[in-house]
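Here you get one chain, nothing else, as structure tokens; it is the form predicted on its own.
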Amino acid sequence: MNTASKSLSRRAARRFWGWGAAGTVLDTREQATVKFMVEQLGGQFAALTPPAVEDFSLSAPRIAAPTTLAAMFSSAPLDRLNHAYGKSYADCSRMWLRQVPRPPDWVAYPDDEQAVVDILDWAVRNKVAVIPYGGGSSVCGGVEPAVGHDYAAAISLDMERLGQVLEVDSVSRAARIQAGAYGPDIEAQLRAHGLTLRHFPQSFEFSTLGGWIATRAGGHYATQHTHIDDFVESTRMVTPAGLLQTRRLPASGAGPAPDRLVLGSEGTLGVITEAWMRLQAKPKFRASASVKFADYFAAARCLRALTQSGLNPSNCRLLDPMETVFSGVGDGRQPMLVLGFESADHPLNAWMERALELVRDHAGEYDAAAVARSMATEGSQEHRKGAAGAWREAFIRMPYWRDPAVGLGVIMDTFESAITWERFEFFYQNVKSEVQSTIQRVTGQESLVSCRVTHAYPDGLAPYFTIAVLGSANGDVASALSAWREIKLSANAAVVAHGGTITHHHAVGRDHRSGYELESPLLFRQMLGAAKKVVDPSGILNPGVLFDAQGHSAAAGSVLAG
């Protein structure tokens, strides 16, 4: 048995208790932002000592690692802690509370695809649950080993060693990429070919291709190519019943598309090992604008006009007044539209000029000189400056701000949905009102609730809500976590009751299952369950996510269950 205390992970050290790289610290401005937010919410700011590995007493593995694969198995406390939870508010608060009652018994780091096959074979023989793991950035309970009592043990299957771009087809502009490749590594390996995948979720640094595919992740583009689905050409997935390899084609009308069963399967049907992905030339031309409006719904109508115009801006994010405060680009009095175009082929003056005509039609105001500068020079970095640049920086850094706030008893969380245009105003007002009412009832505190539109379509949009509230009068983390459970359940219920989806791009996991079961047809879930019975007859893969396997009792479930 491998009982070494040294981590087997090859990636740079990560915070097991929060977001991102272990050595990351907030700069002076960011520290001041966190202090201001905590105090505005009625809390007391203080420097905290974050959780350390030594603070945790983890249960011993319940099963021995397989002898022939032991070199790829780790029971090191740091590895087990890194794989115990994802990165949701509830995950981070439980780390601050030093509560990890169900860590994975082992973390397995397969060296290649054959090792994945061998590990699954061993797991089936020994009734061991397997949780496929990419970067661990799940915010919906998608990687937690809460598998119930039907299994002898649970392991986390970390794909980080399958991280290469294996083949590039420059003619068709596609690449065969292993599933464990992280965003920066993919881009670095494609750079020599002058190509890019151009998929940038907020978790880009700390998430993998396989994770993006398994969760149908949303990326950089606010219109048109919004999900990883749009870039998948073919997939390869190892299941306990065998290997599923789909054919590489630009399109096909041959029956239901097999890749569509892989996309969004969240580790329940198999372990994605590689995929052929569509690529693009790197953008050379950009144009950007930051537009202010007097009225939020007027801004939304402008956004609708833009998405229905066929202009397809790459960035088209609408921030409500409070969201401009969270993002550090406004004072909470006016909504803002962050608008951008990019191309590898042509200047964008005509596209931006037409977009700005639509902006003016809806009484939007912008800095014409700044827009002109953004288009002035090929390869200009002007789009990284001003409000648009500030929004981008805040977007990337915001998860780091959350970590100390959670330790001070602040509930800082997000939830997102999608809704058709004709229902948006009703949806926004009612969801926000109902969630704020729940927050007031369970915490007794005033809250900040904001919304940004992350993606937009000709027929609808994706509202993304952020909440911040002191979880209890004394800043107690346990009380805050208890309050969060009611708030999260209220948000889940509100988005579905008012016609939205339980998730636009955060996936289902365990935390969104109740909403998923309301919006997805029962007959379809039965079809999906039948597919699982074929590929995973023992039900070992990610129990409790999406559904419970036939013949197995309900998994331990979400943190929402208490």
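Residue numbers here begin at 1 and follow the sequence given. Worth saying up front: this structure is predicted, and the values here are computed from it rather than measured.
Just so it is clear, the following notes concern the form predicted in complex with a small molecule, a form of the same protein that is not shown.
Participant: Just to confirm the contact call: exactly one of 427-435, 261-269, 276-284, 186-194 touches the small molecule in the predicted complex at a 4.5 Å heavy atom cutoff, so which is it?
Facilitator: Among the listed stretches, the partner-contacting one is 261-269.
Participant: Given that the small molecule is not shown alongside this chain, does residue 215 nevertheless sit within 4.5 Å of it in the predicted complex, heavy atom to heavy atom?
Facilitator: Judged by the heavy-atom cut-off of 4.5 Å, residue 215 is in contact with the small molecule in the predicted complex.
Participant: Considering only heavy atoms, tell me if residue 103 and the small molecule come within 4.5 Å of each other in the predicted complex.
Facilitator: Answer no; every heavy atom of residue 103 is more than 4.5 Å from the small molecule in the predicted complex.
Participant: Answer for residue 179 alone: is it within 4.5 Å of the small molecule in the predicted complex, judged on heavy atom distances?
Facilitator: Flag for residue 179 set to yes.
Participant: With heavy atoms only and a cut-off of 4.5 Å, decide whether residue 206 touches the small molecule in the predicted complex.
Facilitator: Residue 206: yes, in contact with the small molecule in the predicted complex.
Participant: Kindly indicate whether 142, 201 and 542 are, all three, within 4.5 angstroms of the small molecule in the predicted complex, using heavy atoms.
Facilitator: Judged in the predicted complex, 142, 201 and 542 all sit within 4.5 Å of the small molecule.
Participant: Looking at 80, 488, 87, 94, which has any heavy atom no more than 4.5 Å from the small molecule in the predicted complex?
Facilitator: Residue within 4.5 Å of the partner: 87.
Participant: Which pick from 210, 313, 471, 463 sits with a heavy atom within 4.5 Å of the small molecule in the predicted complex?
Facilitator: Exactly one listed residue reaches within 4.5 Å, namely 210.
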